[in-house]
Structure formats: C-alpha cells, structure tokens
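Only one chain is given next, in structure tokens, and it is the form predicted on its own.
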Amino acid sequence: MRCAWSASPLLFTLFLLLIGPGTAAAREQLEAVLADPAASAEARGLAVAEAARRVDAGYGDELVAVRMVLHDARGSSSERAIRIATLEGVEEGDRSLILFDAPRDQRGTALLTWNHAQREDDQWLYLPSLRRAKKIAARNRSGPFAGSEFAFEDLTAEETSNYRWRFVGEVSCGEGRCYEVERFPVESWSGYSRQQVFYDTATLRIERIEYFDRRGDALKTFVAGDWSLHDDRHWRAGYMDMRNHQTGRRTELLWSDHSFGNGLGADDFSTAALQRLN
C-alpha cells in the first residue's frame, strides 16, 4: 500500500522538510511495514499507532482552554469551563491535569492522570470540598467523567501498550483517506471490547473512533475536526464530539488558546500540587 504523497517525489521532499527528520523517520518506517507483504495485520496496526504517536512527540508541555457542552437525550444542555495541562515524557509516560473553572459547584475539581507505558495508569480525582485527592480504582475507570460521555479511561494518553492492534485497511474518510485500525484493550476492567480508530493518512491524526461495549454492540462515536497546525508540526483539533448511541446523549469539546513550552515540570503534576490549585 502506498501513501498519498508517494506519487510525487517533489511534494514528498517538501513534506519531509516541513515535518522534520524525526517525523520523516516515523513515516518511512510505517511505509516500510505497510508495504511488506509478510507483515501481519497486528504488526501493521501497531505500526500505524506508533507512527502517529512519534509524529506528535516533542511538544514538551501544553496548556489549553476547553468549553465542554453536555447534551441530554431531550435536547437540554449544560456547560463546563475547564483547563487542561499536559507534560510529555515524565519517566515512563505523559502526565495530564484537567481543572474545572465553572460551574461554581464544580470549580476546583481536578483530574490528575499519570500514564505508564508498561503498567497500569494512575488517576486521582481532587474534590475541593473535601480538600483531598481520591485515587480512582481501575474497576471504576469505565465510568463517566463529570457526567460527560467521556469515560475516565478515555482521558489517558494513547499508549500503544494499552491495546492489541489490527490493521483493517485504507478507507475513504471525509474528504480524504484514513488508515482504519482496530484496537482491543488489554485491561479486563475496560468498558470496551474493541475500538475502530481512523487515522488520516496524510497527517496521522485521529479523525474518528467507534467504540463497542463489552457485548460487542455499538456504544459511542468520537469525531474530531476544526484542525490547526502548531509549530509547523503538532496538529490540534478545535472541536470534538462524543455521541452515545445507546442513551442519545452527547458531549462537545471546544478547544482554544493552545500554548506550548510553558516551563511546566513534574512537580506541577504531583498529588501534592492538587492542594495548591485554589
């Protein structure tokens, strides 16, 4: 299988100059695996996921403002204002902090996540009324986060070791083309039996994810759009939508004010730091 740019050597060269040598190496390795007739579907699926992660590596840290809009099945809606901070590559994985600014009764609530490549992730929920952080048990991570259609497990980084992978093929995807890859959670507590992930072939950003519950029935659909390119390398969606097909509810996320290189460190993502948020 050939990528869309491989038909034009000049365009491919210009593309490599734009995205940088590290990204170019990730794409070249992916192209080699996809073109190898002996490569298994599992090897190809893993190669797509790892290439996507490598392409976005190197941002250091990131801050972003998010407006969360919750829609119920009757058409009513409510909003949340949150901030998200991310720190790349602490020890064995990324760290993230989600902090609520509004509504008033949720102000100061925070979710701290430590991702681990080789072991189970850690998550803590901080409740300002109690002034303490409660560690979230693995068995509870399939539950909804703050009444949204995003589960706690959806809010962890895309560590490839968290799944088994299988390449399905290249398919039409909106106005472009996508690699369709199935992934199967390795943790028994996951609320999903599998997910179908659609990676844009040109950028390797995730355009859509189809979620299936433990019975194998269609559960949710995630869609990302309104993309923007930062530092000539890092693609970020301005809009995300998670729809629950079984309940009729959906959650929108509207992202703004991205900033990179803010000088954040591991101490800003510690359980002790949660006490200093307010």
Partner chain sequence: MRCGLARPLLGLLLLLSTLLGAEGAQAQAVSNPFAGSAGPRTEFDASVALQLRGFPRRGELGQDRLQPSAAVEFTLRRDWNAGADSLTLSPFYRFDPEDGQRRRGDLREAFYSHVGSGFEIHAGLRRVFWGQTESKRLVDVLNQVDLVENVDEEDRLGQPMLSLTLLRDWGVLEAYLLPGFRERTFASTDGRLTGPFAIDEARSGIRRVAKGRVDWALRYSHLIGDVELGLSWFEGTNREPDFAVVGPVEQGVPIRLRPEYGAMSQFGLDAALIRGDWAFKLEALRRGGDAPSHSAVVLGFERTLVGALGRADLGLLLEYLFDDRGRRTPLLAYANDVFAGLRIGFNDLADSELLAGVIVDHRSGRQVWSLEASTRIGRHWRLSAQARAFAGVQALRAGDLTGLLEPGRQWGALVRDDYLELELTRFF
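Model, not experiment: these values are computed from the prediction. Numbering follows the first chain given and starts at 1.
What follows is about the form predicted together with the partner chain, which we do not show.
Contact with the partner chain in the model of the complex, judged by any heavy atom within 4.5 Å, is made by just one of E170, E88, D72, E159: D72. The single contact residue among Q195, T201, S148, N115, judged by any heavy atom lying within 4.5 Å of the partner chain in the model of the complex, is S148. Although the partner is absent from this view, R208 stays clear of the partner chain in the model of the complex, with no non-hydrogen atom inside 4.5 angstroms. Remark: L130 counts among the residues lining the partner chain in the model of the complex, judged by a heavy atom distance of 4.5 Å or less. The partner chain in the model of the complex is not approached by V186, whose heavy atoms all lie more than 4.5 angstroms from it.
Although the partner is absent from this view, R249 contacts the partner chain in the model of the complex, with a non-hydrogen atom inside 4.5 angstroms.
The putative spot formed by V223, D226 and R236 is not touched by the partner chain in the model of the complex; no residue has a non-hydrogen atom within 4.5 angstroms of it. Residues L99, P103, R104, D105, Q106, R107, W114 are the ones in 99 to 115 with at least one heavy atom within 4.5 Å of the partner chain in the model of the complex, listed in sequence order.
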